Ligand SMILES: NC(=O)c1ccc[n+]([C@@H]2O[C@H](COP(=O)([O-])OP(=O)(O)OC[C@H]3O[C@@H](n4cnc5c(N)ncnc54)[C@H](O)[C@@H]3O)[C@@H](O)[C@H]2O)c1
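The chain below stands alone and is given in structure tokens; this is the form predicted on its own.
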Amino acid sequence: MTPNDGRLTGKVALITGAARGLGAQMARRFRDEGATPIITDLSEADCRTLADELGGDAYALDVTDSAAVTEVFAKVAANHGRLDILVNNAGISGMEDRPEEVQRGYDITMTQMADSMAGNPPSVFNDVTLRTTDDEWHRVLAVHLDGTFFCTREAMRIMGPQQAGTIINLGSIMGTSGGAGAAAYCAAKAGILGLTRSHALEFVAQGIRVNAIAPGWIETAMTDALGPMKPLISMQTPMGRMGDADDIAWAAVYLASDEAKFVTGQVLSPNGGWTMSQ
């Protein structure tokens, strides 16, 4: 398939957190389907590397900084005159620099499982919430919730007058089913799903669709930090494996395309059967 005969031909698509992982793969698939990708992430150099590969634009962007978000979207409007697709993908787990927490969580889970199998009450307890600082809590919510809101607000200044566009927010199964030891992340992702439904209702009269993708456990740099938890996660997933970035990228292509023209306010969850209902 050439860029001229794809499902997104002629579309301008901005993806946040797109220098690597899920965002980068979505940008690649959007380009393959004919869209012009706009790559944003914290590092302009990382953005430029991918943008050069795909033939798109690159902007350094901290989505928690509303003034910076306004500036980048103004440049998009000036350079392209339109914005057809926004993917609010930027996110953090809150555990990026805390591998000891991942190992601690694994050890607690395995001990609790052993206690249960032996018919004993739990001998250890998860205490991540007690050890989470105010700054750690606020940082996770800021990147996910503030970032999604700020970018959507600026996108609507372009999409609203167009009376057309589609917005895709990245949720997570952690926001639909929860997860012990990840209170901030679960709260942020659940909030994104609520924001998705609110904006879907608010923007529908202007011809703009808003949906969410709630990925299951996907092989990315973020989940590399899970280390010893990965075999347990794969075993608990009905399909017996973690997903790959393309499992999410193709879901985004679908939601961004006219194939999903009757879809808004919905959550699409490629998760290998981890959860069967949204």
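It should be emphasised that the depicted structure is a prediction, and the values quoted were computed from it without experimental measurement. Heads up: residue numbers just count along the shown sequence, starting at 1.
Not pictured, yet referred to below: the form predicted in complex with the named molecule.
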Exercise. Any of the heavy atoms of Gly165 lying within 4.5 Å of the named molecule in the model of the complex?
Worked result: no
Exercise. Though only this chain appears here, would Ile218 touch the named molecule in the model of the complex if you measure heavy atom gaps against 4.5 Å?
Worked result: yes
Problem set entry | Distance check, Leu193 to the named molecule in the model of the complex, heavy atom within 4.5 Å | no
Exercise. For Lys189, is any heavy atom within 4.5 Å of the named molecule in the model of the complex, or not?
Worked result: yes
For this session: Please name which of the stretches 196-204, 100-108, 165-173, 152-160 has residues with heavy atoms lying within 4.5 Å of the named molecule in the model of the complex.
Result: 165-173
For this session: Please pick, from Ala184, Val143, Val128, Val76, the one residue with any non-hydrogen atom lying within 4.5 angstroms of the named molecule in the model of the complex.
Result: Val143
Seminar exercise, completed: Exactly one of Leu232, Leu42, Met239, Ala68 comes within 4.5 Å of the named molecule in the model of the complex through a heavy atom, and that residue is Leu42
For this session: May I ask you to list the residues of 39-73 that have any heavy atom within 4.5 angstroms of the named molecule in the model of the complex, in sequence order?
Result: Asp41, Leu42, Leu61, Asp62, Val63, Thr64
